Ligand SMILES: Nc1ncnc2c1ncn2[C@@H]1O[C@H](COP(=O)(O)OP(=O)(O)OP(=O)(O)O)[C@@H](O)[C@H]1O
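Next up: just one chain, as structure tokens, the form predicted on its own.
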Amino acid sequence: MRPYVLAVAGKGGTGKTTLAALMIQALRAKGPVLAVDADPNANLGEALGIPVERTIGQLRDEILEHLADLPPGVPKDQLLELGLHECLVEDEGVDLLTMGHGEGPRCYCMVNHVLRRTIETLRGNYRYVVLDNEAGMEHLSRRTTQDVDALLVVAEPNPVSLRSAARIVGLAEELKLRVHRKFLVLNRVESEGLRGLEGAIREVGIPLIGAVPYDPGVAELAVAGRPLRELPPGSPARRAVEGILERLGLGKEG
């Protein structure tokens, strides 16, 4: 059965990794999750409390660096596939794959082709795939993960952040990505709510699926360098994320 694929995008600092981590925490109790950290500024592992020792970016560089030194007959595909599984960090209910830095001046075509094929095979073992993407959506644009069921664009409740979200939506449309549905999520919403932002929200061009309130517990864990799994079950941020998942059809009955 094909997994449900969720991709999260947003300008740096909007809290997209926090949203991704909270969704993973909620989904891991429902079925196995493949978490993919596709942001070069990788910190999904820290948010989940899963240590990362090797990234796909490092694997690509190592393979290309020593490609000419490999003896004849050594299949490059098998070498890459073995390396990819070494990059996969297993935890209870969730496995994490960290993409690392983007591409450099070398030719990555062969490497990306094998990685794409291997990830497509790998993700068949999971019920959910959650992709924490960078704002530029480099990972999605190279089709390393195909057929996204829902793209969540994260913004803070102010006009500048909402304009940035609109640009991300425009980029997704320009790239003609295979995304089934797109939604806006507002993060760190204060007590005054969304008053006065109705027009700016409409201009983003996608439906608002939820607003995550400012949660002191999230801020405290971030300052202490502690993972989000330590957030109490009834916390405002957790409840809001559970509501978003329910509206996506991934809640109690999902």
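What you are looking at is a predicted structure, and each value in this text was computed from that prediction instead of being measured. Numbering starts at 1 and runs along the sequence shown.
Omitted from view is the form predicted in complex with this ligand, to which the following refers.
K.L.:
Where, among 122-130, 180-188, 158-166, 85-93, do residues come within 4.5 Å of this ligand in the predicted bound form by heavy atom distance?
P.N.:
The contacting stretch is 180-188.
K.L.:
Please determine whether T14 contacts this ligand in the predicted bound form, using a 4.5 Å cut-off between heavy atoms.
P.N.:
So T14 counts as contacting this ligand.
K.L.:
Contact between L48 and this ligand in the predicted bound form at 4.5 Å, heavy atoms?
P.N.:
Taking the distances in the predicted bound form, the answer for L48 is no, it never comes within 4.5 Å of this ligand.
K.L.:
Residue-level question: is D61 within 4.5 Å of this ligand in the predicted bound form, judged on heavy atoms?
P.N.:
Looking in the predicted bound form, residue contacts with this ligand do not include D61, since no heavy atom lies within 4.5 Å.
K.L.:
Classify A222 as contacting or not contacting this ligand in the predicted bound form by the rule of any non-hydrogen atom within 4.5 angstroms, answering yes or no.
P.N.:
Because a heavy atom of A222 falls inside 4.5 Å of this ligand in the predicted bound form, the answer is yes.
K.L.:
For the heavy atom contacts within 4.5 Å of this ligand in the predicted bound form, list the residues of 183-220 involved, in sequence order.
P.N.:
Counting only heavy atoms within 4.5 Å of this ligand in the predicted bound form, the contacting residues of 183-220 are N187, R188, V212, P213, Y214, D215, V218, A219.
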